[in-house]
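Just one chain is shown here, as structure tokens, and it is the form predicted on its own.
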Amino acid sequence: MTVNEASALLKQQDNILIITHKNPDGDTLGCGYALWGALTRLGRRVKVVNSDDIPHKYSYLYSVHDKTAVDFKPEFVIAVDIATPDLVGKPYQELCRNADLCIDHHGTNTMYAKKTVVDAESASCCEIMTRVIDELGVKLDDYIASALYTGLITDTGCFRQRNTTVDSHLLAARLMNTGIDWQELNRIHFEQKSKSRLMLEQLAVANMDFTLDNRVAIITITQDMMKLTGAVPGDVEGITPIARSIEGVEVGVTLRQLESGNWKCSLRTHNVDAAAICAQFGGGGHFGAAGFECSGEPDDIKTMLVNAIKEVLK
């Protein structure tokens, strides 16, 4: 489905439920709340949901939504920034599997929704969502523009990652011209750290592993480390890119133990297809950033991953 067709479809709907993916990041939340803002301004009843606790740093988005969110029976379900229903928490997984519309930018999208808008060339899903909102005829006010800017900067690493395009910069300029406090948003997402996050980062770096002639760096974060530092899942988001930032490292890996005991594996790469590696284990993502979830012993998972990465680095 094209952006124009999706917008035309949305104009006909009401009682709309927007589903965002578990372990929420700035792009899925930015998309969800930007679309909520646009549809609400058109007089629709809309609600954004997520199965997990949303990190406090996104409170400028959800605090407004919480004041006006209403209970209703969904008549139309939208999934945003979700390549597969497996990326949604169990409370909303079945609804996601039967979504009426999916708006996404992952080339690995499984086309599970009844209608799908996918543009893998877009650096962030918020870039697509901007076009959808434009077609809805809604002005980009401060709230909507801040939500879209959030997704744009978080999925491009503040324009440092290889997925960044000219269109990404042009959209940033447009959003900045609306008068949003873009400096504060950049500070929140790329400079501000809680004490617990800093303590967790210290532990993670101190226990980092290097392999394959130091071309691969692996960070392991256990539940014990989370409890010791008082960190919350949102604190891990900024730690994931650290391994890749080390000179000579081509693949940075972060293994985070979830409360269920399973492990969330995140890859950040230079000139290596992270999505292709993660696809071998049922995951996906983008060329330079991808992930998957699995169970098992951490040492076994590391061995499995290193063997897969070794084949690519050859």
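Position 1 is the first residue in the sequence shown; the rest follow in order. Since we're looking at a predicted model, the values are computed, not measured.
Below, we refer to the form predicted together with another copy of the chain, which is not included among the displayed structures.
- Contact with another copy of the chain in the predicted complex, defined as any heavy atom within 4.5 Å, is confined among 131-139, 221-229, 170-178, 98-106 to 170-178.
- Interface residue among Thr165, Gln93, Thr116, Thr110, judged by heavy atoms within 4.5 Å of another copy of the chain in the predicted complex: Thr165.
- The putative spot formed by Gln183, Asn186 and Met208 is fully lined by another copy of the chain in the predicted complex; each residue has a non-hydrogen atom within 4.5 angstroms of it.
- In the predicted complex, another copy of the chain lies farther than 4.5 Å from every heavy atom of Gly234.
- In the predicted complex, another copy of the chain lies farther than 4.5 Å from every heavy atom of Ala120.
- By the criterion of a heavy atom within 4.5 Å, Glu75 is excluded from the residues contacting another copy of the chain in the predicted complex.
- Taking the partner from elsewhere, His270 is found to have a heavy atom lying within 4.5 Å of another copy of the chain in the predicted complex.
- Along 222-257, these residues reach a heavy atom to within 4.5 Å of another copy of the chain in the predicted complex: Ile242, Arg244, Ser245, Ile246, Glu247.
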